[in-house]
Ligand SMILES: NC(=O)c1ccc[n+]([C@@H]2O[C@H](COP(=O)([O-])OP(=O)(O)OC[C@H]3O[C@@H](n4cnc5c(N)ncnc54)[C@H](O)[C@@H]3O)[C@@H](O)[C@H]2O)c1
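In the form predicted on its own, a lone chain appears below as structure tokens.
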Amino acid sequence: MAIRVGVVGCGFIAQYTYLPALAEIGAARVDVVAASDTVRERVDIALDQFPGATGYTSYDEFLAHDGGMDLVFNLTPPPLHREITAQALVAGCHVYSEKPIAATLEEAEELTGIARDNGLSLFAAPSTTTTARMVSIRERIENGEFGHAHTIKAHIGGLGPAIWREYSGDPKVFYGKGVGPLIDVGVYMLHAMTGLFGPATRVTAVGGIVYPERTSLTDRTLGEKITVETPDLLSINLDFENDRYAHLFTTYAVPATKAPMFELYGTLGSASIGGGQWYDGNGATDFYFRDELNVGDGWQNDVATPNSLPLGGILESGLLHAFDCLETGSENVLTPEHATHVLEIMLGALSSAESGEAVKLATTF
């Protein structure tokens, strides 16, 4: 029997990723029964794709949908995540929430408690760890192929949504407090790092606002001025147990780069994922392996990832994982505890960049 799905927040991310993915997964597994947004035009776009669904501009009416919902996708802007998720959980729905899980650790821990107390699953994006590539890399680490895997270096960013001409939402939110490149895109790398190395113990960071004002180039808001209110460039270092470390450079202040997006280093090997490879979770990876007696045979480029998923996108892998969990009872790896830990890292990084002091991390997963 198909899982009854409701989607709240029918903007850009829903239109270009989630709704098409739900359609591709298919009616045998997914029955989109309701869609909600404060803007009726966006609701109608969702209904064009799922004409059998009911549209709502009132969230209360959405939650009271006749026939009920099994799983609600919370695709609203970050400041709304806590309230939208909490209400859906209280209404008896499993929830898949876009990142971040909440704005504060207290809010995140509250949501974890509500889900637990109601016997519900809370799936927390991003789903980097559920891609076929990251599952395969983790297996290589556990099998000892890298020797002691000790360091991860990641680079993600650009100039942000203000220059995306096709972006249909309001780009200002991405440069305001509570978002920025760290919360918007750096979070993908932090989930991957902690998914491979486990919980971090300390974070230090430097960074700030490089471009205090932007001019929007999107078709919808062309020429509008955007005041940057949160760091648009951050360089972050993480400490882990077992002599492991990671570095993240995340920015909305870099026009272009040729830097690899993600690299893993071990005593016996390395893995490198370039910009052209990263966004396909089923995509290829470059590997280098050596042994104790020689320096190796050089890079093995574009090594295919085994056990590809039906959908290769990073976001899409999370949808597949959520449906697998609800259908089979398999373990949820996109846990609110993991998302809460990553939230603590991000809040700690912002604090460290402002104070110049290292921040010890208390949460775990």
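Just so you know, these numbers come straight off a predicted model, no measurement behind them. The numbering used is simple: start at 1 and walk along the sequence shown.
Keep in mind that the form predicted together with the ligand is not shown, yet the notes after this line are about it.
Among the residues His65, His321, His338, Arg42, the one placing a heavy atom within 4.5 Å of the ligand in the predicted bound form is Arg42. With the partner omitted from this view, the residue of Thr130, Thr194, Thr76, Thr285 that lies near the ligand in the predicted bound form is Thr76 [heavy atom within 4.5 Å]. Taking the partner from elsewhere, no residue among Arg140, Gly186 and Tyr265 has a non-hydrogen atom within 4.5 angstroms of the ligand in the predicted bound form. The chain is drawn here without the ligand; in the predicted bound form, the stretch among 339-347, 20-28, 7-15, 353-361 whose residues come within 4.5 Å of it by any heavy atom is 7-15. In the predicted bound form, the ligand lies within 4.5 Å of some heavy atom of Ser36. Among heavy atoms of Ile84, some come within 4.5 Å of the ligand in the predicted bound form. Taking non-hydrogen atoms only, Leu309 never approaches the ligand to within 4.5 angstroms in the predicted bound form.
Residue contact with the ligand in the predicted bound form: Leu315 places a heavy atom within 4.5 Å of it. Residues from 137-169 that approach the ligand in the predicted bound form with a non-hydrogen atom closer than or equal to 4.5 Å are Trp164, Tyr167, Gly169, in the order they occur in the chain.
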